[in-house]
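Coming up is one lone chain in structure tokens, specifically the form predicted on its own.
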Amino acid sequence: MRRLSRQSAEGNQHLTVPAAVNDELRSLRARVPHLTGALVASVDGFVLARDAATSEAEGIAALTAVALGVGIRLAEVTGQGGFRELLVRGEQGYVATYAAGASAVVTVLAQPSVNVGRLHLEARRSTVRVAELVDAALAQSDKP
């Protein structure tokens, strides 16, 4: 997976994602009742976009990177192929993380009453769009 921060003589340069990524997160929340938040993070734990009421986005992004590492390794060790998604069910609701291409992940928070099937359907659709947008932004940032 490609990292979204670049090292240069001036220090780290972070990718600027298009506004359409935020639009996609808002659209996802509108399509799935009971979502309480959504964010896009780089695979190394930096917030790229968010649509969440929580002030903990940076912490969630960092924990997402850790969970992603565990999920990738678990899928690999068990012979299940490449990482696609991870669902955590807690007493107060769900946290779901979806691969969005090779460089980003989408994490959503949902109430316990969410329709998990609908959540997966809509989040998978959104991650395809987010992956396209992030990959295009990466390609643009690679140009001199």
Partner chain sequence: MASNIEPILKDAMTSIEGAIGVALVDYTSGMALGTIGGGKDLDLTVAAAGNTDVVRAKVRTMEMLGLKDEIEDILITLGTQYHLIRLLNKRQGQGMFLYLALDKARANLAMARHQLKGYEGELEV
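Numbering follows the first chain given and starts at 1. Remember, predicted model here, so these are calculated numbers, not experimental data.
If you look for the form predicted together with its partner chain, you will not find it shown, but the lines that follow are about it.
Next item on the list: Consider residue 115 of the chain shown here, and say whether it contacts its partner chain in the predicted bound form, taking contact as heavy atoms within 4.5 Å.
Entry: It does: once its partner chain is placed as it appears in the predicted bound form, residue 115 has a heavy atom within 4.5 Å of it.
Note to self: I'd like to know whether residue 120 contacts its partner chain in the predicted bound form, with contact meaning heavy atoms within 4.5 angstroms.
What the structure shows: Yes.
Checklist line | Segment assignment from 72-80, 106-114, 59-67, 36-44: heavy atom within 4.5 Å of its partner chain in the predicted bound form | finding: Correct option: 106-114.
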